[in-house]
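One chain follows as structure tokens, the form predicted alone.
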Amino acid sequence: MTLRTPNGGPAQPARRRFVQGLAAGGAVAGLGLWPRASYALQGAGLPSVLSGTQFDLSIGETPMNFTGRTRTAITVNGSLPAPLLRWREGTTVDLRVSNALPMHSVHGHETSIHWHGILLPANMDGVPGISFDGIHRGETYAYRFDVKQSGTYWYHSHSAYQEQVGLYGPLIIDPIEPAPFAFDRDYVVMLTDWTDLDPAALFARLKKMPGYDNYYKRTLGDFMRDARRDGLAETIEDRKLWGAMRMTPTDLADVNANTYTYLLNGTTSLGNWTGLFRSGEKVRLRFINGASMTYFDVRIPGLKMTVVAADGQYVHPVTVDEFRIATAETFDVIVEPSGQDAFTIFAQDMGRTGYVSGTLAVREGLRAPVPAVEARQILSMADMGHGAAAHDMAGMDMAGMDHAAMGHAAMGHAMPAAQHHPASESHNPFVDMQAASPTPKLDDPGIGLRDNGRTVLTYSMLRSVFDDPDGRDPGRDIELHLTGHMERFTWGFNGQKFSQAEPLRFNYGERLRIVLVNDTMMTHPIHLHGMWSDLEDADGNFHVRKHTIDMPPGSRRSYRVRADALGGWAYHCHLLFHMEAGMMREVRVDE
């Protein structure tokens, strides 16, 4: 494999990356053995697969080595990822989750497991402070609930930063009725991010130096190139605008491969996780993004992927070459490998700083060529929801302006169809940007994926195989703005952190519409616990049922919710450090 820079040139591997390449990754445990995470569902009984209705899960610590340095991960039954759990729709599951964390663990004395995307009673949802008190050292919490759905899901800790240090695992629910498509083999592909840093220290670094990982900032050379291409005056205005906003257009992710090592089913690219096939077979790949902070762009060069399910729910099949998977989302795809002995599963991060790969092959030990990581991307004003207004803004003298205090809403008179913003965003030190003309962007594959010569999945291509399961028009709308301040690394809804806001109130049984407006320059996967999010198209028609709605910068998207689950529920950005920094609310469903 030849490493290349994002711009295509040969790379000189940094020491960290060189060391990383020596470690396939996995548990140390003093045995010198690397675990093989092979998730063929036909292989029930493998140590990493637990099936049935009775489960005993023990949360503890295990030494892990993914980079050449041994660090302590939080694991379930000693496994990272946690064991694959197989349930069956229509059954009742009992899960006894024990806290076996050692005394003085740096990861705290409390733990939890949240069953992501699963419909269940509120006290089974596993969010400390909302669902229950958490599981303290030496305690066992008994989860018991009916399984009312099928599909591909996952589970993870909701305590502090434990998800970042390994507490996550895949969850497959077999349906009562056969799937509406055929397949011969079935594999989970779980993508995650790992850091040798203590995640609390990483969070502290984000608060002090939020741009620490942004190595791709524009240079004098970029200025000269842009001036030749766009003209000197326009280039100067562009730089003035970004400078006034105190933002950088290369800031696509807060943490990237300059800090993270990416894993596929718990191993690095060198570990080469392999799913076997026979030529012509239909292989179902269940992609799960269990990363804490990373979006992945996934493709398998030489193979088309037919998407058949999103967030566990069947969709009308759509065939693509590539898809972007937000943190916490799942996509099931069918591939039919033939014509060669090996294909590379390639997942590069959205910021184009690194990747992880695995292989589909006819036998163990084979590899196919691994693509180079693509060139860096530059955000535009249109990406951030300013659209045509960008030209007006570029013509303004913004030097010295307090962008937060000013707010783009104040400039709404110069912009067609200006977006209204809540009063709580005005003069708010936690808000550094407001989208002037956000749009749904359902047919936009996203920055870095447009016009790349491949067919890329968009939300507009995803359509549930069923009609609106509720059928009622929403009785009311709730509009929430995703807000933040890049330099302060503070995130929230409507300019308010979790600690500052009252719970959102839903009336039991009502059908309501949630409208989200992304006023930040970052992308946020928004997850509502306990209830489905039925995404609408631009005309307000039911489109696709999901549990996590991705919100690119400058987007305005709406979805319907049937408030049929009593109690308190978490509602948050699924980027772990955004949630911890305040982009979270409690939802209360009361009679």
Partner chain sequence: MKRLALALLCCVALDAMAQDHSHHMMPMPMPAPTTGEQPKTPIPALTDADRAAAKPPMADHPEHDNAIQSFVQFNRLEGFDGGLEWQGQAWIGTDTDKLWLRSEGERIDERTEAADLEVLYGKPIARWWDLVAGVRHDFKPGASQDWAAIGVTGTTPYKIELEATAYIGASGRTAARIEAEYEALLTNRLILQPLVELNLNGKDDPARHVGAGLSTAEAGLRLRYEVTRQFAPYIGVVYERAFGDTADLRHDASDTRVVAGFRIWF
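Residue numbers count along the first chain shown, from 1. Quantities reported herein were computed from a predicted structural model and do not represent experimental measurements.
Quick note: we don't show the form predicted in complex with the partner chain, though the next part is all about it.
Wondering, does residue 109 line up within 4.5 Å of the partner chain in the predicted complex on heavy atoms?
Residue 109: no, not in contact with the partner chain in the predicted complex.
Would you check, heavy atoms only and a 4.5 Å threshold, whether residue 538 touches the partner chain in the predicted complex?
No - in the predicted complex, heavy atoms of residue 538 and the partner chain never come within 4.5 Å of each other.
Considering only heavy atoms, tell me if residue 225 and the partner chain come within 4.5 Å of each other in the predicted complex.
Residue 225: no contact with the partner chain in the predicted complex.
Might residue 467 be said to contact the partner chain in the predicted complex, defining contact as any heavy atom within 4.5 Å?
Heavy-atom contact with the partner chain at 4.5 Å: present for residue 467.
Of 323 to 331, 423 to 431, 262 to 270, 94 to 102, which is the one stretch near the partner chain in the predicted complex, taking non-hydrogen atoms within 4.5 angstroms as near?
Heavy-atom contact with the partner occurs in 423 to 431.
Could you spot which one of 379, 372, 253, 478 gets a heavy atom to within 4.5 Å of the partner chain in the predicted complex?
Contact residue from the list: 478.
Could you check which residue among 450, 316, 278, 472 gets a heavy atom within 4.5 Å of the partner chain in the predicted complex?
None of the others qualify; the residue that does is 472.
Is any part of 495 to 512 within 4.5 angstroms of the partner chain in the predicted complex by a non-hydrogen atom, and which residues would that be?
Read in sequence order, the residues that approach the partner chain (within 4.5 Å, in the predicted complex) are 496, 497, 498, 499, 504, 505, 507, 508, 509, 510, 511.
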